[in-house]
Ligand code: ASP
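One chain comes next, on its own, written as structure tokens: the form predicted on its own.
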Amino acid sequence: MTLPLVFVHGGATVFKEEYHASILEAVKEAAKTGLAALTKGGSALDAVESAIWILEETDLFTAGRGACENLDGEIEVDAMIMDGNRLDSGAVMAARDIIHPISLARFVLERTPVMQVAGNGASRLYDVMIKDGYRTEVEPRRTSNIPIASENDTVGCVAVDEHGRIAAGSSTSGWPGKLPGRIGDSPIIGSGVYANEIAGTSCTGKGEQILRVVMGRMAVAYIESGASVQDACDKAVRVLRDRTTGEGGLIMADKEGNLGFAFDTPHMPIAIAKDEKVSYSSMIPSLTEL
């Protein structure tokens, strides 16, 4: 298989047809930007952060600029990024007034001794991140894209570098009118995101259902037990559907560049970038098209 690669999704849900073209362009741009980070010598973490940053920058998804208000009319966002080879991750939960929580999640991963920061603590940590110069603020509460990639519903990404090192991530605000303080699967290690030295995944859909089956870790465990990447995806969504109401999906990649995806919703926009180009994108992806 071809390495490096970047695999992104824009959520498992139903999107109005009038937005399909814009959504496809967004996921393609995200995948292309993530791949640019890798081809310029960046890490899989650089690729994941860059790709998700692009999706957060649009208003097409329930993340970043498209974040939804909760029951109190406030916006709270969650994000997570994970380094598979180190089994290390950073997550922010119920953070307010932040457009790009994926960058703050990476700051938690790389510059703090903890793995998860929530609420006011996450918002305060954003100010520390800017003060330390880890990321630049180009307008209030908005970080710049990471320099290595500056040229080029829930959102997520899995990236594999040329050496087979894997990273994965996710960013969301949850559904409109959610209970204040609610945290779904996206920033929870093993549920919405998981990566190790074997494979990585980013899940999407109804968070409470994904949490109940710990879908991310389960899917990677199937690969560890000998399943192909695609079989692991199919099994994970089958369990989600059989044990809960379903309504979710996931994307996966292993260290050799084998890819898989599965979903039980009308749409799950994805884009795959490798060989210096976007090789595939679709609102309703099909294995026969890959």
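Just so it is clear, the model here is predicted, and its values are computed rather than measured. The numbering used is simple: start at 1 and walk along the sequence shown.
This next part talks about the form predicted in complex with this ligand, which is not shown.
For the marked spot (Gly34, Asp46 and Ser50), a heavy atom within 4.5 Å of this ligand in the model of the complex is absent from each of the three residues. A single residue from the set Arg182, His163, Arg212, Arg111 has any heavy atom within 4.5 angstroms of this ligand in the model of the complex; that residue is Arg182.
Proximity of Asp153 to this ligand in the model of the complex falls within the 4.5 Å heavy atom cutoff.
At the 4.5 Å threshold, heavy atoms of Gly200 stay clear of this ligand in the model of the complex, well away from it.
Interface residue remark: Lys206 is counted as part of the site for this ligand in the model of the complex, having a heavy atom within 4.5 Å. Proximity of Trp175 to this ligand in the model of the complex falls within the 4.5 Å heavy atom cutoff.
Segments offered: 95-103, 212-220, 184-192, 113-121. Contacting this ligand in the model of the complex at heavy atom distances within 4.5 Å is 184-192.
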